[in-house]
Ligand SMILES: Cc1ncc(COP(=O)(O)O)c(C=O)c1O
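Take a look at this single chain, the form predicted alone, given in structure tokens.
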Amino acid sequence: MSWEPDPTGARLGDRSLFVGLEPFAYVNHAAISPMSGEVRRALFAVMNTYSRDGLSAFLTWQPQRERLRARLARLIGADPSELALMPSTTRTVVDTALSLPWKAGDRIICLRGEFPTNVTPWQRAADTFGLEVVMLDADAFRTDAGLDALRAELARGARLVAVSAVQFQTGLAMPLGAICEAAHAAGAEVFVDAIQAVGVVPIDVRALGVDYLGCGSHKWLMGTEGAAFLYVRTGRELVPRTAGWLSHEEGTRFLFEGEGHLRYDRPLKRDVSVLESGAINGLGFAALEASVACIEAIGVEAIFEHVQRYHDALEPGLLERGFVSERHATQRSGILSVRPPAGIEVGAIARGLRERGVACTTPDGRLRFSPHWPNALAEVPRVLAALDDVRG
């Protein structure tokens, strides 16, 4: 493998790695990130290797996947042995939900307002194992009322709290440390859907006390769709109910060591890698390392501050135009969501902005702006001018 990530072109406010990106303000990283030149270079390197070598390319790229695992572990303050490379955030939630040692009657606390990825799998686990799902309001965590309600529910007994690090609608960064502390004090564990955080909001799973964390690559990590990772804290027990052929110890020996090694009784792996159960997305994982290398080179803390400066410049102009901001004073993220003035249809605004070169989205009636490290502060006046033009 001759490819190595080269993040030297990654600089705050500089989109020179995004040649061909049409919107002048791509503020939609909370949805899908565009591919950088580094990501495309990684994809072509993988495709060229597989085109030339076929099967042996899989082994050629194996060291790259382990290198990626180490990069991702550094990004969240974990050990590489605690990470599994997965196909999507949804898959990390589903496999965790199916792999915990549940007992009938266990209670799961979920949050109303969360993206369904972090609710539906827990509901299915409840139906499968005879559990109970309790719903609290995510928006209550804007104040101490959310933690008070959580502690009250935990006092009634719970096995797990499922929470997103950042709420996709409002951009509210959840108080993960306090949530984990409350859960652990009550004998519960915490699963974090981190797809709206990792890459733009600093996350340290050890410092926070997170037990499980899943994150896909196509938003703030700026990779492609179809790649993700799952963190499981050392010592947490998994029951491998979703195991596949690669979940076995020495599961590939029969392919390389001659006759007599094809067996079905090899022990299953005892760590989170048991969930790496089948064929992998080699293209997606190479792309992810390319994008993560750029994020590492800049630094998540620096990216977070840059994005806050962008929001600080944009938010007052939106308020002046009658929009209502949902940005929290302290629990901030990469997302700035606003509600439109009365009588204004938010979908029409987003469509008009898109036609004028501003890419944003409208989750559940909000106008959502989500810039990342390539966005320049100089875009902001043009974004507001485009908004004025849309509204006539």
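For every residue, the number given is its place in the sequence shown, counted from 1. All figures in this text were calculated on a predicted structure; none of them were measured in a lab.
Just so it is clear, the following notes concern the form predicted together with the ligand, a form of the same protein that is not shown.
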Decide whether residue 289 counts as a contact residue for the ligand in the model of the complex under a heavy atom distance cut-off of 4.5 Å. no
Does the ligand come within 4.5 Å of any heavy atom of residue 168 in the model of the complex? yes
Any chance residue 115 has a heavy atom within 4.5 Å of the ligand in the model of the complex? yes
Would residue 193 sit within 4.5 Å of the ligand in the model of the complex, counting heavy atoms only? yes
Within 4.5 Å of the ligand in the model of the complex, heavy atom basis, the matching stretch of 213 to 221, 250 to 258, 119 to 127, 310 to 318 is 213 to 221
Which one, 281, 88, 99, 273, lies within 4.5 Å of the ligand in the model of the complex by heavy atoms? 88
Stretch 44 to 61: residues contacting the ligand in the model of the complex, 4.5 Å heavy atom cut-off: none
